[in-house]
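Just one chain is shown here, as structure tokens, and it is the form predicted on its own.
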């Protein structure tokens, strides 16, 4: 059906595509970030943000402000926009929008299980959960002792249930097991989302397969770097890599045997799209890798808006908004802690 989306897309998707492109015009620009970086206090940041789309969400907040308040209110705006789009959507767009939140669900499950393991208060953990990843029985996650119980008592009724088939074991939960569980769930989720987009076909399949392949490759690199010096075997690593993407399958074979950052870099430099990312880093350095990946992701997400009649704009907008919230959190933290010299270190300009 590629090339013919223009005939039928607007029947169901036209209104929402117009809405999401309108939302996109409200994203903060480089000029906004430069102004925010000049702020001396959190109240200055609030004053600047009240002149943007965030105005109605922050204008009634009393002083003194905290970074968490700014982040919460900005996230609330994202949630409101998402719910509005979901209410208006029909199939298959509504399913596509739900898929976008599954990543947050996985993060919330891991957050609660890890917090319970370290005997943190469940209510306090629930407040830290991302609102897009909430589901009815999330509070009862705290009772699970191992993966099997986690699945049987809680997750069997959630959209994450099919992704758990690979990580149901009777081993007790510990930090290592939980991290493996997170990556196994993410692998299953990304593969499922990828297959769903392929079924949709057309421009959605083309653009989403590129964005999801980038996400899968980034996770493969992060897994490889984080598992250096741990007891994860080569086969264990390979099981956590998604079965698609630019690195699949030969890059995965090479990443699985990497022993240090420079070997990972050597593998990635064989793939032209990833050469500019690693060119920004000096040898042995991995601290700035996240920022380099985020910058590349933002570039790709912005390109999704160049084409019409596809669903990838919804995914791109949600991701760009999340990046904007990360930027605001970093700027706010730097201002609050009087570290203004570092304010540009992690800000990724979007437009």
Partner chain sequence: MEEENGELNPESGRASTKQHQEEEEEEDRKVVKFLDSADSYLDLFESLSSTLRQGWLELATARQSMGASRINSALFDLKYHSAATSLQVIQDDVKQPNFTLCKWVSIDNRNSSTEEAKFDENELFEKNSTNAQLRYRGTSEIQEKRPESNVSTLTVDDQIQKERSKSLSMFGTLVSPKLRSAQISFETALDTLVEMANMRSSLLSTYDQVHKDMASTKVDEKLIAQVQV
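Positions refer to the first chain, counted from 1. These numbers come from a predicted model, not from an experiment.
What comes next is about the form predicted together with its partner chain, which is not displayed.
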**OP:** Give a yes or no on whether each residue among 114, 294 and 333 has a heavy atom within 4.5 Å of its partner chain in the predicted bound form.
**Re:** yes
**OP:** Mind telling me which stretch in 321-329, 37-45, 55-63, 308-316 gets its heavy atoms within 4.5 Å of its partner chain in the predicted bound form?
**Re:** 321-329
Subject >> Residue among 160, 78, 86, 232 with a heavy atom within 4.5 Å of its partner chain in the predicted bound form >> reply: 232
Subject >> Among the candidates 120, 280, 270, 199, the residue which, in the predicted bound form, approaches its partner chain to within 4.5 Å (heavy atoms) >> reply: 120
Original post:
Hey, in the predicted bound form, is residue 240 touching its partner chain, heavy atoms inside 4.5 Å?
Top reply: yes
Original post:
Does the 4.5 Å heavy atom contact test between residue 252 and its partner chain in the predicted bound form come out positive?
Top reply: no
Original post:
Is residue 215 one of the residues lying within 4.5 Å of its partner chain in the predicted bound form, judged by heavy atom distances?
Top reply: no
Original post:
Though only this chain appears here, would residue 192 touch its partner chain in the predicted bound form if you measure heavy atom gaps against 4.5 Å?
Top reply: no
